[in-house]
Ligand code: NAD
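Next up is one chain by itself, shown in structure tokens, the form predicted on its own.
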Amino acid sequence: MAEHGLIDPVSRYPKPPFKKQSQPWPGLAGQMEPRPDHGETSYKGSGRLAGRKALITGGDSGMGRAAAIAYAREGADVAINYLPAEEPDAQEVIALIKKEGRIGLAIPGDLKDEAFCGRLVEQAAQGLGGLDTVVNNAARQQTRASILDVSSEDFDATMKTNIYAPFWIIKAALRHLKPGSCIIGTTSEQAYDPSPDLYDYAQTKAATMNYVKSLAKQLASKGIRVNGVAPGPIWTPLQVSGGATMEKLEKFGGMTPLGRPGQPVELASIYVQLAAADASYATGQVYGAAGGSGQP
């Protein structure tokens, strides 16, 4: 119960056990039970990103959707990328962005394709009238009990989505990014404390953490900041579309000190903070939100 504006983080959102549920990859937030909270009704903006122009991959659901909603309510125009199968979720996000009186661009396509990544950046920059914020959030996660169960096709798809795509997107975006611009990567607690059944995914999150720190040093002299967000267990379609076993899904987030998974909206303010001009001394940083566990 809230008193004087205080909200108890333990009881704020649903706790396990959760209903067993499965969707084909990549999954839809709109079909999850309970539906994730991306800040659709709860996030309130205050103009911190007024006039900014952001591209967010994986902007249809999860942390990308939460960031897209928050950015629009903070005054930014937003382009989101997603897979064509995620169109229903994406259209909900675009409607919310436009409701704020901001430009909302929907650019579906597969990030495993280098040529598409280049087109994505150009379409975003053209449609938004510029580009100053790039959030590399889209990711592929599939649970496999053993390394022997990870096919070369599996491994390649995860690497292309999680590592190659940000590489291609950043290269294409740099020509548009002026001093004061920022790049944000979504890493994970998996970068620091990997699960045994996420062999390929966890590696990509360690790589994301690393490129954030490397690129921050490389681009500092250009006035471009590079930071990362490291979520713990967050209630997103990744979990119900092959990212977790049914057994893990039922108990999802229960092992954290807060005893529940996080909701995407609980990371929205971190993405805003890392993009905002008043965070001008933060670069090469990774901000965590893991319910009391994980690092950093």
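The numbering used is simple: start at 1 and walk along the sequence shown. Keep in mind that this is a model prediction, so the values were computed, not measured.
Beyond what is shown, the protein has a form predicted together with the named molecule; the following relates to that form.
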Please determine whether Leu49 contacts the named molecule in the predicted complex, using a 4.5 Å cut-off between heavy atoms. no
With the partner left out of view, is Lys205 within 4.5 angstroms of the named molecule in the predicted complex by any non-hydrogen atom? yes
Residue-level contact is defined here as any heavy atom of the residue lying within 4.5 Å of the named molecule in the predicted complex; does Gln239 satisfy this criterion? yes
Give a yes or no for Glu74: in the predicted complex, does one of its heavy atoms lie within 4.5 Å of a heavy atom belonging to the named molecule? no
Tell me which of 213-221, 133-141, 171-179, 96-104 has residues with heavy atoms within 4.5 angstroms of the named molecule in the predicted complex? 133-141
Any residue of 89-111 with a heavy atom within 4.5 Å of the named molecule in the predicted complex counts; write them all down in order. Gly109, Asp110, Leu111
